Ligand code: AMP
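Consider the single chain below, provided in structure tokens and representing the form predicted on its own.
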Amino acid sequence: MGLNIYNSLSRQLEEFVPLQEGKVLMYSCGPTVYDFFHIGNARTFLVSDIVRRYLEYKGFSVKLVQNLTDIDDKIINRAAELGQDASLLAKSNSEAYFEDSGCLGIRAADVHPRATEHIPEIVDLIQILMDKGAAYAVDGDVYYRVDSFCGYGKLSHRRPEDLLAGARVEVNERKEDARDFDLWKKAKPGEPWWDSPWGKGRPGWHIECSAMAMKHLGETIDIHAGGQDLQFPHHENEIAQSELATGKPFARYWMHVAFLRVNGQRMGKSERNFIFVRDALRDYSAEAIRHFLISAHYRHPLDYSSSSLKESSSAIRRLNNCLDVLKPFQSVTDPSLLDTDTLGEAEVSILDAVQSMRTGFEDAMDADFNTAKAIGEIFKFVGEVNLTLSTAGDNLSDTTKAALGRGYSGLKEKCEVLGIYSELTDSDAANSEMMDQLMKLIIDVRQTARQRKDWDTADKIRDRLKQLNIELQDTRQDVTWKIID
């Protein structure tokens, strides 16, 4: 079974076959940097991150381009409200985007083009459209002539009479058709501007992505991703202007991420029901937020609630506890220990669970990146490990340890594809080491109390730790601890 992607263009699952064998050209619409981004935006950016990670897991070489819209009406208006320079506002919010997305574990794209750095390419593309009769200038403004492209509406599957619904258009009597959209905007007093054959102005929103995508990926790309809200008019307009200019398909697979909702309503700045990523990260770990955002299929709406984030936090703690238990066995690598002729019941159970997780995980991700089901396969494996260890007891054979080591490698690999596990940073490692030392001290104090038969003190320490979600486990050899839900 190969990888299948739901293509918004055809409205059906299609087997993924890239233009070049082994290579994937991918474009993901990035932020308009007039403010920080919220976790509703983050869902879209995160899906692109995971698609890229899984394609690399499958052996593809991926070139991902994610733009930054750093000149736009929203930026100009916000800068005016704040009494700031528009370019400085865009610069500071761009830096904030990289900081917050990095904290969320979203890997940087191979290229992050900015619209203001591609004015020559944008002007050249507009000129091509002018030369082909697909664009016209009116007193410094340039518009795309929608009627010039016979395939207009094929992505959004809208009827001609419905094509204005939800579009970013203004009533403008100078347009030949109300559906026509801006390619170049004449500069108003006090606005940023660049020179062009049509006078001083700035690019329209849609032409920016076409120019940047073609500049860095070529005239036809494999995957174009973005939020559901961008399907029309933004992506529809990208197709129209790009395909008319080149005569080639612009993108072969279109992926659209459904909304994050609050109380059934789309999360968004206009609805004033959003939560900035940087604020969410103060209350929850990056892994917990990622787990929550991919706990439903990307094409299905997802409802935000604090209880959902808490459930994801608990799930991540269970996952980390399992990884912590398995990690010491990663160094047991002698392949002869896992000779199939010498395996006992425990080892067979673990190795079967590893293979089942791999098969289930890949089947889920191959079915249009079904992260919800993939997570289920991961936690099914966690349950199998916990059951096997509880049955095996404290004395583990080298063979069992080798099987557990293979389990650690398999589990870690799958978690890293989803970005719900990462190695500790130096700071985290230092904090973890301090926690270990503190717990060792507490356990030593408790053991001393038990040796004195001061059971009240020993029980008080154990019970107080449990109130802090820390559980002590007394074994024949020593005392261990773990964080519990």
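These numbers were taken from a predicted model, which means no experiment stands behind them. One-based numbering along the sequence shown.
The following text describes the form predicted together with the named molecule, which does not appear among the structures shown.
Only one listed stretch (50 to 58, 36 to 44, 447 to 455, 412 to 420) carries heavy atoms within 4.5 Å of the named molecule in the predicted bound form, and that stretch is 36 to 44. This chain lacks the partner; the member of Leu260, Met365, Ala213, Ala403 within 4.5 angstroms of the named molecule in the predicted bound form by a non-hydrogen atom is Leu260. Of the residues given (Ile378, Val123, Val146, Met267), Met267 alone sits with a heavy atom within 4.5 Å of the named molecule in the predicted bound form.
Under a 4.5 angstroms non-hydrogen atom cutoff, the named molecule in the predicted bound form lacks Pro203 among its neighbouring residues. The closest non-hydrogen atom of Gly227 lies within 4.5 Å of the named molecule in the predicted bound form. Looking at Val62, you'd find every heavy atom of it more than 4.5 angstroms from the named molecule in the predicted bound form.
In the predicted bound form, none of the heavy atoms of Ile443 sits within 4.5 Å of a heavy atom of the named molecule. Along 19 to 38, a non-hydrogen atom within 4.5 Å of the named molecule in the predicted bound form is carried by Cys29, Gly30, Pro31, Thr32, His38, in order along the sequence.
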